[in-house]
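Form predicted on its own, single chain, as structure tokens, below.
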């Protein structure tokens, strides 16, 4: 049963989303934005099936997922907020982080001003599906001049008892000169087919700063689709890091709209694909105003028969003078059967700008590998050193703190290079 208020405007919004999804249908690989993603993974999934009430989740399970160094944690189980598993007591007065459904009940007009305003569903099938069937999600409201000291973790956990699909809807609102660091974590059971279709809307006031690490580590049978969209005010800063580790097929898309002078964004990421995984990243940066800046760096490490994809678009609109945009994607293939698809691109409608983009696809350097072997390093450790060195170019953009270091160790473990990383730390 839905937790949402029955306000007429919300019912109309959800009905509109459903009508749009039914008109559009599932995304097709004929669409450039979905060119490399196996949309067949979504076929046969009843996206609109109502899931059961949120399952109980053992406290030890949540504790095992928590990252060190975070000051608070909001927990969502099967798409719904779990107050008993959350720990939000350390948040400063005036800062609200919690359930979207609860915020809709308590202050519907405040939520109405932002819900669906940043990420509209027109022409976007999976956003429309989320709009039609979301039941809860994260609500963040940081007032002007408030700064949350330390990262806040948000865990989205799917259980064995979940329905075929969940649709978390997250709305993040930061007032003028507000500051916040968030870490999203997505996880679920192994050996079970399920779908996550999430939408995150971000509204940044003038001079606001949001740092968001998005860690996708779903179960091996999962299909994960997450669209993040931000609208930025003057001199605001958005820093996102997308880390993709799990799922059978996972797609994370980020769109940043730099709508006022001085706005900047850093969109970075790392994807580690193995087995038959398909990990997909899509970015759009829309420079709509003068004196805006964007930086993008995505790295991929791809093994076995896995496929890693990156499509990135940068728009520089007419009148967006003094824009400075850089975009780079690098891929490391660890097997002859691994595949990387990359397409960074620019669309420039103004002359007085600086813009660059590029991509590389390569393998482990044989000369470097031979050098390490000749110094008595084992083949496994030599390979680990080189792979980890490649991944560090992206990981360096995660920022500092215990939570970031824990994610570096998680990456090293997945790459089989944990011993190499520990040796580096001992020598440092």
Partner chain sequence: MSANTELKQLTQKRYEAGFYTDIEADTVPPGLSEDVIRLISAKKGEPEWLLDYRLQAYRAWLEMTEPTWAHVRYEPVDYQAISYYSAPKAKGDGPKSLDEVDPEILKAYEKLGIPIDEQKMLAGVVAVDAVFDSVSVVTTFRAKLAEAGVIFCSFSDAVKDHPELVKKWLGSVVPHTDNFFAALNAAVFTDGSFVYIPEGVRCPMELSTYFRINAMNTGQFERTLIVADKGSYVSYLEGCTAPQRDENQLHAAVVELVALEDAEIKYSTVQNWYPGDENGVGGVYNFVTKRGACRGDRSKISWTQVETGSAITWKYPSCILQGDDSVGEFYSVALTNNRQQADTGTKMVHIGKRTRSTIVSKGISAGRSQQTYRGGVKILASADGARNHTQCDSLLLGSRCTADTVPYVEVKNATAQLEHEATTSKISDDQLFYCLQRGLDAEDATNLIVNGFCKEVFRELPMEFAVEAQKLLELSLEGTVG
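Positions refer to the first chain, counted from 1. Being a predicted model, the structure only gives us computed values, none of them experimental.
Not pictured, yet referred to below: the form predicted in complex with its partner chain.
- Between the options 342, 148, 165, 272, the residue in contact with its partner chain in the predicted bound form by a heavy atom within 4.5 angstroms is 342.
- Checking 106, 95, 161, 353 for any heavy atom within 4.5 Å of its partner chain in the predicted bound form turns up a single hit: 353.
- Only one of 327-335, 120-128, 293-301, 97-105 lies within 4.5 Å of its partner chain in the predicted bound form by heavy atoms, and it is 327-335.
- Among heavy atoms of residue 358, some come within 4.5 Å of its partner chain in the predicted bound form.
- Contact annotation: residue 378 falls outside 4.5 Å of its partner chain in the predicted bound form, judged by heavy atom distances.
- Though the partner is left out of this view, residue 84 does not reach within 4.5 Å of its partner chain in the predicted bound form, counting heavy atoms only.
- The closest non-hydrogen atom of residue 44 lies beyond 4.5 Å of its partner chain in the predicted bound form.
- Within 4.5 angstroms of its partner chain in the predicted bound form, the stretch 125-151 places no non-hydrogen atom at all.
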